[in-house]
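So this first bit is one chain, no partners, the form predicted on its own, shown in structure tokens.
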């Protein structure tokens, strides 16, 4: 059995989450880079791999699977990873993790992602930032972070309980996207979320740092270069 092929762009939040998960669990993989900014996910070469034209995608000896949530579950079972990542037998803990993963998309993900996109993409392309849209998504993100703090992190160290799970790295990578546009204060200003961020980062080092060069770090460097030159 060969290594899992992992199609990804580490500038993508879910791609980084899957990368960290596989690294943390010593799952052997070959990284096949798909440049989203060049539209490589839309080209025939990648479409032949996965016709939905989105990353992340894995190819495990001919079994092709997309969507980070599904990938987490599959890899957890296939490679028998430590139970805390996605519990196999404890249905209540498993359901709590699933609850967050389903909630994540229309709350944390959509608002963190759209805040980032409106600022970063427009700035990189030399277009005006739609400040009204940025304010709207920031406001909605603040509400979502309060829900995260008061419900998912209530009396818990991590989103699924007292140890790290796939839910935590999914959320961490989504929120850290904001670091690239100097908006990390949006989540760090919430003391419960800020403390949780520190715990998750500590739990996934050095794997988090491994994807920084091609992930948030690369985008932050470009953003800083453009915004600094525009002030001259």
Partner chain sequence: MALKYYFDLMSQPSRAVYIFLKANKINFEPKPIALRKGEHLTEEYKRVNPWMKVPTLEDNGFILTESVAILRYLSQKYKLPEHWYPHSDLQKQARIDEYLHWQHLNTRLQAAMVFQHKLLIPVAKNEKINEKKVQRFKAELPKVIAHIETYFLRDQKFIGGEDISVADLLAACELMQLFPVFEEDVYESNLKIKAWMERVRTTLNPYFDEGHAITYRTRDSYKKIGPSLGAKL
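Bear in mind that the values here come from a model prediction, so they are computed numbers and not experimental data. Numbering follows the first chain given and starts at 1.
Omitted from view is the form predicted in complex with the partner chain, to which the following refers.
message: When the contact criterion is heavy atoms within 4.5 Å, does residue 83 count as touching the partner chain in the model of the complex?
response: Answer no; every heavy atom of residue 83 is more than 4.5 Å from the partner chain in the model of the complex.
query: With the partner left out of view, is residue 121 within 4.5 angstroms of the partner chain in the model of the complex by any non-hydrogen atom?
result: Judged by the heavy-atom cut-off of 4.5 Å, residue 121 is well away from the partner chain in the model of the complex.
message: Given that the partner chain is not shown alongside this chain, does residue 202 nevertheless sit within 4.5 Å of it in the model of the complex, heavy atom to heavy atom?
response: Looking in the model of the complex, residue contacts with the partner chain do not include residue 202, since no heavy atom lies within 4.5 Å.
query: Taking 4.5 angstroms as the cut-off for heavy atoms, does residue 66 touch the partner chain in the model of the complex?
result: Residue 66 belongs to the contact set for the partner chain.
- prompt: Out of the stretches listed (29 to 37, 191 to 199, 49 to 57, 177 to 185), which one is close to the partner chain in the model of the complex, meaning heavy atoms within 4.5 Å?
  reply: After filtering at 4.5 Å, what remains is 49 to 57.
- prompt: So in the model of the complex, are 11, 45 and 129 all sitting within 4.5 Å of the partner chain, heavy atoms only?
  reply: Not a single residue of the candidate spot has a heavy atom within 4.5 Å of the partner chain in the model of the complex.
- prompt: Exactly one of 147, 157, 117, 138 has a non-hydrogen atom within 4.5 Å of the partner chain in the model of the complex; which residue is it?
  reply: Checking each option against the partner chain in the model of the complex, the one that comes within 4.5 Å is 147.
field: Heavy atom contacts to the partner chain in the model of the complex at 4.5 Å, residues of 69 to 98 in sequence order
entry: Heavy-atom contacts within 4.5 Å come from 69, 70, 73, 74, 77, 78, 88, 91, 92, 94, 95, 96, 98.
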